[in-house]
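One chain follows as structure tokens, the form predicted alone.
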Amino acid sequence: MGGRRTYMLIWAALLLLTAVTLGISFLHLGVGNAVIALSLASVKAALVGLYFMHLRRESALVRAFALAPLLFLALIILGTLSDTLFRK
């Protein structure tokens, strides 16, 4: 695939995923709404990172540095949740 065509396909996929996210928001799935919305947001973020930030063709070291903040975010969220869930 050529460069311009790839970008157009990724852009169309992002628009489609955004439309799916919007459609899901009108359904009453309880906690499922948040799970589906966050999953779709993760897929969209991966597409942006891989194609628009050119991480797909970078070395493993650059990818590791791009993914490292996600580890710290997970630690912060887990720390906050553990404090909130186990309070008396």
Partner chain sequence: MADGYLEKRGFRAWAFTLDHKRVGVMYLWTTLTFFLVGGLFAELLRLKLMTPGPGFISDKTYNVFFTLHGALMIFLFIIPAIPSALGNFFIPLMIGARDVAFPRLNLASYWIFLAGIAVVLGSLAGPMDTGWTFYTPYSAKTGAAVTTLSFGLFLVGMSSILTGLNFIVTIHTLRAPGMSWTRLPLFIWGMYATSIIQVLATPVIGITFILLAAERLFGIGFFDPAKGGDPILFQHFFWFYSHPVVYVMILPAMGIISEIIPVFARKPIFGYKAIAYSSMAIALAGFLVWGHHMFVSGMSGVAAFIFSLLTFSVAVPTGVKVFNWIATLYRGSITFESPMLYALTFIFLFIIGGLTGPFLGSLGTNVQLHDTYFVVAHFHYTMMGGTVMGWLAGLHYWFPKMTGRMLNERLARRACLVMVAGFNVTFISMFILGYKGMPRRWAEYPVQYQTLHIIATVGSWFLAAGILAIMWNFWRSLTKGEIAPPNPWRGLTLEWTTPSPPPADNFEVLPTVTDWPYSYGRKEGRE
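Positions refer to the first chain, counted from 1. Quick caveat, the model's predicted, so the values are computed rather than measured.
Form predicted together with its partner chain: not shown, discussed below.
Participant: Give a yes or no for Ala19: in the predicted complex, does one of its heavy atoms lie within 4.5 Å of a heavy atom belonging to its partner chain?
Facilitator: Ala19: no contact with its partner chain in the predicted complex.
Participant: Is Leu75 part of the interface with its partner chain in the predicted complex - any heavy atom within 4.5 Å?
Facilitator: Yes, Leu75 is a contact residue.
Participant: I'd like to know if Arg4 sits close to its partner chain in the predicted complex, meaning any non-hydrogen atom pair within 4.5 angstroms.
Facilitator: Answer no; every heavy atom of Arg4 is more than 4.5 Å from its partner chain in the predicted complex.
Participant: At the 4.5 Å heavy atom threshold, is Leu61 in contact with its partner chain in the predicted complex?
Facilitator: Residue-level check for Leu61: yes, a contact with its partner chain.
Participant: Using a 4.5 Å cut-off on heavy atoms, which residues of 61 to 84 contact its partner chain in the predicted complex?
Facilitator: Heavy-atom contacts to its partner chain in the predicted complex: Leu61, Phe65, Pro69, Phe72, Leu75, Ile76, Gly79, Thr80, Ser82, Asp83, Thr84.
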